[in-house]
Each structure stands twice: as C-alpha cells, then as structure tokens.
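Take a look at this single chain in structure tokens; it is the form predicted alone.
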C-alpha cells in the first residue's frame, strides 16, 4: 500500500470510528454503570441512571452523539518505529476530524485564542491534540480517541508540593479536586491521578490514568492500594450521579506515576464523566484494523 492509499484508508476509517465512539460507551464503562445502577438505593439515583441508559439507547438508535458536548478531539497514539506510515498519521487525523464534524455531526468546539473565533471544524492551533508514545521495534499503530468535554476532563488541576507536606497532601488534594470539579463533570467519574515531578508531567499522567481500562490497577502494590483507598474514601462522601445524594461519585480511581525529584511531590487530577467516550483502535501496517473497545462493532 502506497502513502496515498494509506492516508485515504486511515482518514476513512477514523471518520467512521469517530462516529461510533461519539455515541457508544466502551464496553467496560457500560458494564460498570450497569453495576453501579444496581447498587444504588435512592429512587432519585435510579431515575438518573435510567435516564443515562435511555440516552445511550437513543444515541445508538438515532446514530447521534450521546452528549451534546462532543468536546475537543484528543488522540493518544502508540506508534511502532517500524510502522511504515507514520508521516501521514497527523494530517489524516486532522482531516478525519474535519470530516466527522460535518458527517457525525460534532459540535464545533474549537476557538483560537487571539482571534476569538470558532474555527467551525474542530481543528485549529494544535487541535486536535495529539500525544505520541513511540514503541521501539513495533509495527502497529494504536490510537485512543477521546472526546474531551468542557465540564469534565478539560478543567483539571495540578500542583507541586514540598516533600515536607507529605503524601497526605496528595490525598487531600484529590478529595478537594473531586469535591470542587466533580459535581460539574456528570458523576459517576473516572478519577485520573498523576504523580510525578512537575505540573506538566503530573497532569499528562493523570490523563493517561483515566484512559486506562476499568479493572486495571497500578503495577506497584502501594499504588494499587492507594487507588482502592481513594475510591472508597471518595464514594463515602455521599455524592452520586449528577452530583446528587448517592452511593458512588466514582467508577474508579486510576493512578499513573513517574520518578520524582527529591524536592518535589507533584500531583495532577483529571476527571472523566459517565459519558466516558474513549475509543481504541489498532492498525496493522497494511491498514487493516481491530476495534478494542466495542464488542461486535463494525464500521
């Protein structure tokens, strides 16, 4: 397959995949929402969850996005160094975003700062946002598509503490962030926590944390225990779906970490809403593909 053919294949596939991901939640998220609905005892919470599921059914039936805020498109890419079409990926994703804005349709959500004008096609200065991870020797291209909404994951927080503040400062910061931002983010949430060396490193890690599949855990036993304890503590706050009284403000707490400097404790917190539109697709070098987040889905 030559470069022109590869570019056309990637654009066509991604336009269709954006349509699918805009209306359908990943299987793990749908199953977790079903589990939490069954656990709720409040009649009001049951009404809210029923509305969530009715909305998802209507989105699938009408082939329309499941939330009116289709956000901004974020792409998180794992690219093998032996994947033969790396040079066409960015341009193809930009074009697929433009096309999907009209064909899905997606709400026009990109404003360039100094012109203060909507670009009209969800592209603009460094948008769609693309984050790259390069895999040495690999020959596949894996793309995580995320619809980053204005009420959930875009208003994140990050701060650097002194080591003398202790790890308790991290826990307090996570609780304060969820109490401050979480109600506007349409709970139940997926809370991503990044622990790193500075604000940008911690913030990026927090975003990669909420993109992890539900049911996965931090590889270090202490990290996994902290995820569990934070989830239990947050859910004891008594906040439920849509910020009203309930049993579960969060579906999960995920932590991603990196080494830190002896003089810094950096923490970032980002929250994904119940409409966690995370789609994962993997391309082979012949541009055949596998959809990883929706069982039985076809484009």
Partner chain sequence: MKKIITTPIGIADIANLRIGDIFYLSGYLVTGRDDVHHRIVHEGLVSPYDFKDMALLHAGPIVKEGAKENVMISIGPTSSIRMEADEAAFIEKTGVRIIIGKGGMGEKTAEACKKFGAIHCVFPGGCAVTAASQVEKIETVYWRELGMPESLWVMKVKEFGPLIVSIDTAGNNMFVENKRYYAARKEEVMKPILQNVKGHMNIEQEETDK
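Because the structure is a prediction, the values reported are computed rather than measured. Residue numbers count along the first chain shown, from 1.
What follows is about the form predicted in complex with the partner chain, which we do not show.
Decide whether residue 96 counts as a contact residue for the partner chain in the predicted bound form under a heavy atom distance cut-off of 4.5 Å. Taking the distances in the predicted bound form, the answer for residue 96 is no, it never comes within 4.5 Å of the partner chain.
Touches the partner chain in the predicted bound form: residue 100 (any heavy atom, 4.5 Å): The answer is no: residue 100 has no heavy atom within 4.5 Å of the partner chain.
Does residue 258 make contact with the partner chain in the predicted bound form, using a 4.5 Å heavy atom cut-off? No, residue 258 stays farther than 4.5 Å from the partner chain in the predicted bound form.
Exercise: residue 239 in contact with the partner chain in the predicted bound form, heavy atom 4.5 Å: It does: once the partner chain is placed as it appears in the predicted bound form, residue 239 has a heavy atom within 4.5 Å of it.
Since exactly one of 139, 125, 87, 229 fits, which has a heavy atom within 4.5 Å of the partner chain in the predicted bound form? Checked against the cut-off, the match is 229.
Listed residue that, although the partner chain is not shown, lies within 4.5 Å of it in the predicted bound form (heavy atoms), from 79, 203, 214, 183: Of the candidates 79, 203, 214, 183, 183 is the one lying within 4.5 Å of the partner chain in the predicted bound form.
Per-stretch contact check against the partner chain in the predicted bound form, the hit in 71 to 79, 127 to 135, 205 to 213, 166 to 174 (non-hydrogen atom, 4.5 angstroms): Every other range fails; the passing one is 166 to 174.
Each of 18, 289 and 298 within 4.5 Å of the partner chain in the predicted bound form, by any heavy atom, yes or no? No, the candidate spot makes no contact with the partner chain.
Partner contacts in the predicted bound form for 44 to 70 (non-hydrogen atom within 4.5 angstroms of the partner chain): Those in contact are 44, 47, 48, 51, 52, 54, 55, 58, 59, 62, 64, 65, 66, 67, 68.
Check residue 154 against residue 11 at the C-alpha atoms and report closer or farther in the predicted bound form, compared with the shown form; the change is 3 Å or more. Compared with the shown chain, residue 154-residue 11 is farther in the predicted bound form.
Compare the CA separation of residue 232 and residue 155 in the predicted bound form with the one in the displayed structure, and answer closer or farther (the difference is at least 3 Å). They are closer; the C-alpha distance drops by 3 Å or more in the predicted bound form.
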